[in-house]
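Next comes just one chain, in structure tokens: the form predicted alone.
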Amino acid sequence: MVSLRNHESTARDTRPRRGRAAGLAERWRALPALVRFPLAALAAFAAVVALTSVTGPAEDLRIGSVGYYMLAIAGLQLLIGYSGQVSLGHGAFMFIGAYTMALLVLHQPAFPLWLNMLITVAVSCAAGVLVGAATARLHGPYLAGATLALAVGLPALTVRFPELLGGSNGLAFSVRGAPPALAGVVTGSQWQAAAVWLTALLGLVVLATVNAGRLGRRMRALRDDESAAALAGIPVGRTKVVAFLISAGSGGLAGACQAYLLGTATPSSFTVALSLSLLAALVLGGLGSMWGAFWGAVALVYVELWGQELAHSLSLGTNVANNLPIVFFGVLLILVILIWPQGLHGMFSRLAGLVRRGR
């Protein structure tokens, strides 16, 4: 009897909490997208600033890397996960963004960072329009092959124009640190990580708003059935080009953030392996969700780190140690897809659902 009364008392105590939580969740979802997404981005930025305040320079670099990878994968998410266009050349847009940023810093040092970012987005979007218009009639493996050729051929321009693009050594430059008003308050690495995340979160707000609006519905209609979308009056070619434009802008901005964070732009950083890694990270994180971009970026940065630490702890040979992070990532990708086809985001959503039902 005592146990039964305790159970009834516990149930009465938890019902109001569940009701309040459900009410807050409904109120949050009822907010307009233009209010909800910037508030979420502001909370994420505050969390990043708090996190970098207790980490060192090396960890700040990794946190910043998660930021620009997340933006690149989110742009790929919009192109593949929402509009259904397969691209194997997303690293090429990061190449354009990184070299545009490097050239601007070297030749126009008076330009502020935000202006460099805007110019980078404009150049990347222009490249996206050209690629999107040229491949608008291609589908499936033909589209994948065309974008793969872009990823293979573009880095070779650095060897063709060594005086401008630095050849195989690339371009190195110095970036400005924190403003004088913040000297002694934040370190240079903290400032760079915060700048990268602020840029990435602003980009994510744009991508999430696009996805929640009319254009996002058109893209999903194309992904589900292109013929039906055309019969419904959706301009198929124009929507595909716009998807490429937005995705290229995100990739270019991510490349600019990478160049800003590392202070270099080298062709070896933008090989085909980068494009394939972004695609693998997108699948691992989860197709069809912006959260998938975050989990994919975390895996892309930290799985490699854990693989390197494991190889170091086992004192493996150089060849084995260099390939262990790739094997580590591949095994994780296979396991997650076999068990949770919706990726890491699907796994965490399912676990969260089990926890809520178990309360």
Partner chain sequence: MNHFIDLTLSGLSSGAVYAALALSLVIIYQATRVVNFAQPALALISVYIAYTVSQATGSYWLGFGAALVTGLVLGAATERLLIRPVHGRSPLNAIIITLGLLLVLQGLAGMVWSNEPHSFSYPLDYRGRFSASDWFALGSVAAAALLLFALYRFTPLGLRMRAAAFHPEAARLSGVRVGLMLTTGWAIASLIGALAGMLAAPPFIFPNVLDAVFVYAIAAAVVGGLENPFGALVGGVLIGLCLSYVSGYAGPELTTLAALAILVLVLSVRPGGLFSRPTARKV
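Remember, predicted model here, so these are calculated numbers, not experimental data. Positions refer to the first chain, counted from 1.
In what follows, reference is made to the form predicted together with its partner chain, a form of this protein that is not presented.
The stretch from 135-143, 120-128, 214-222, 241-249 that comes within 4.5 Å of its partner chain in the model of the complex, counting heavy atoms only, is 135-143. Only one of the listed residues (A50, A30, L314, I334) places a non-hydrogen atom within 4.5 angstroms of its partner chain in the model of the complex, and that residue is I334. When contacts are defined as a non-hydrogen atom within 4.5 Å, none of A232, A293 and S349 contacts its partner chain in the model of the complex. Under a 4.5 angstroms non-hydrogen atom cutoff, its partner chain in the model of the complex has A156 among its neighbouring residues. Among residues of the shown chain, L324 is one whose heavy atoms approach its partner chain to within 4.5 Å in the model of the complex.
Although the partner is absent here, L165 is not a contact residue: none of its heavy atoms lies within 4.5 angstroms of its partner chain in the model of the complex.
Shown alone here, V186 lies farther than 4.5 Å from its partner chain in the model of the complex, counting heavy atoms only. Along 64-84, one residue reaches a heavy atom to within 4.5 Å of its partner chain in the model of the complex: I80.
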